[in-house]
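Just the one chain here, the form predicted alone, laid out as structure tokens.
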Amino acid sequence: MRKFFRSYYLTNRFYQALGGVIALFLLSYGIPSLFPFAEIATYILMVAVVGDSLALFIKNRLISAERSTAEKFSNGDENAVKIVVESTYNFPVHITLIDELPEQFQMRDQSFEAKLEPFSPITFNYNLRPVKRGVYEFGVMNVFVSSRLGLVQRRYEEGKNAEVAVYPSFVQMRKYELLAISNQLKEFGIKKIRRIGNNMEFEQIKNYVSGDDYRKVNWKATARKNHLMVNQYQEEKSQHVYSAIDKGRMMQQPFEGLSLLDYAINASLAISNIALKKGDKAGVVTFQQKVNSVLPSSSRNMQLNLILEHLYKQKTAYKESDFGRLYATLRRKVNQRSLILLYTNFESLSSMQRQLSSLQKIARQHLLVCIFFENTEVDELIHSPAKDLEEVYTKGIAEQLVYEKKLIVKELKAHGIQTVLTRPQDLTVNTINKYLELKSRGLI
């Protein structure tokens, strides 16, 4: 009986009809001739409610709903969710579907309405964009069913609690992998960079294309083929590429819902995949007040899966970062000269200068690229019109902050440290650009 009452709902249409009956009774005090009509209306409403209830509750399990999702969600991307609902009632019904989404989304209004014919499944599709890694738990699907009368609703609780793990953005990783393989990186803002350095291990003779070094023209092959041919040499491979991720408090800032830390983690996964496809060895280092984890660089088949799992498990208390401990760990555990892609953030020149000595020590042993972020909200503030004197002062402070970022870049370059200053949304593209540039110049 308790289960019956938990699934039994009276609709707005019932209360409207009941309100009409009550109005007739009230009017019958002044117009006695209306009293019989009020009684008849009461009986009709009672019969209609009973009939509607019997039609909906006469049998069990006349509605089924099934939710299907990917086993893993990609952080920061749209992930598809599909729900299929089917009715075995022998008459058309109207349904309202409310899906209980994971609490991380803070969404309580994910509902769908539709008319459902007997034995004709209907599909609902929607997308979810998570902005934090971790385990997300879906609740049940609540399906509210009503007949054509629409006086009563029956609630079905379909499905079970289901968990989905949100991993670093493997969607973004695959997108750039496919673009790299098909040589279409330029379409997404990734520059095609001409090689400057040379590895003299010969690979093949190929047709000349725009951007090839004219000094590599093979004149004998050109004479035989009657069009320009060039020698192609193998790129340096098996270089060590480490993504060093700062998990300190400066990486907590959110942009478009995603923290700087998660932007860095997504970019690290994408660049590690590209490096492995290029024949290099990829590894990961994470740190804050101490070095939390080191995944040694490797090019083995399972390395990308190890990197994905390693990045997924990263947690942080957003404490003050210790770059000195990062240097000590790299010196002890990374013996070969490597490319260190350091994802961090500096908001002022003084904060960078406090860490400069540690950065210089790392740069002496490795090729260090310091990657930090523009504040896009400050940029928007600068380009918005000032309405009063207070906003003029605010814009002045914002311009000073942007200028300090440029001073940081200049200071790091003066000490021989490669830099990338990027918008959070462009982090992956700009990181790949830098990697390809260093690769083309033969610096790694």
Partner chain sequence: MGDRKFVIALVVLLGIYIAYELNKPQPEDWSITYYHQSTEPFGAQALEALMAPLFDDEIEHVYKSVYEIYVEDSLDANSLIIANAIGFGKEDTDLLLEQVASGKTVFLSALAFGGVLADTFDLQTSFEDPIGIKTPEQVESDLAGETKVQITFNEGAKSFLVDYPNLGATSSFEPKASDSLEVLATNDENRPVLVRYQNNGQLIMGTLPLAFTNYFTLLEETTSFTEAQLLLIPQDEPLVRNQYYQLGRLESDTPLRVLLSNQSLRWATYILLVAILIFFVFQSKRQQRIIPIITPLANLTLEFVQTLGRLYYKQSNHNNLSHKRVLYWKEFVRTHYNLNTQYLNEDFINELSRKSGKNEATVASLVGLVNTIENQNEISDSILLKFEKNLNEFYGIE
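Numbering follows the first chain given and starts at 1. In this text the structure is predicted, and so the values were computed from the model without any measurement. In this text, rigid core is short for the largest set of C-alphas that superpose within 1.5 Å between two forms.
A second form of this protein, the form predicted in complex with the partner chain, is not displayed here; the remarks below concern that form.
Trainee: Only one of Ser53, Gln418, Asn375, Thr69 comes within 4.5 Å of the partner chain in the model of the complex by heavy atoms, so just point that one out.
Mentor: By the 4.5 Å criterion, the partner-contacting residue is Asn375.
Trainee: Answer yes if any heavy atom of Asn231 is within 4.5 Å of a heavy atom of the partner chain in the model of the complex; otherwise answer no.
Mentor: Contact check for Asn231: no, nothing within 4.5 Å of the partner chain in the model of the complex.
Trainee: Give a yes/no on whether Asn125 approaches the partner chain to within 4.5 Å in the model of the complex, heavy atoms considered.
Mentor: Looking in the model of the complex, residue contacts with the partner chain do not include Asn125, since no heavy atom lies within 4.5 Å.
Trainee: Please run the contact check for Tyr403 against the partner chain in the model of the complex: heavy atoms, 4.5 angstroms, yes or no?
Mentor: Residue-level check for Tyr403: yes, a contact with the partner chain.
Trainee: Evaluate Arg108 for contact with the partner chain in the model of the complex, applying a 4.5 angstroms cut-off between non-hydrogen atoms, and reply yes or no.
Mentor: Contact check for Arg108: yes, within 4.5 Å of the partner chain in the model of the complex.
Trainee: Quick one: which residues from 393-422 get a non-hydrogen atom within 4.5 Å of the partner chain in the model of the complex?
Mentor: Contacts from 393-422: Tyr393, Thr394, Lys395, Gly396, Ile397, Ala398, Glu399, Gln400, Leu401, Val402, Tyr403, Lys406, Lys410.
Trainee: Is the C-alpha displacement of Val21 equal to or greater than 2 Å between this form and the one not shown once the rigid core has been superposed?
Mentor: Indeed, Val21 is displaced by 2 Å or more.
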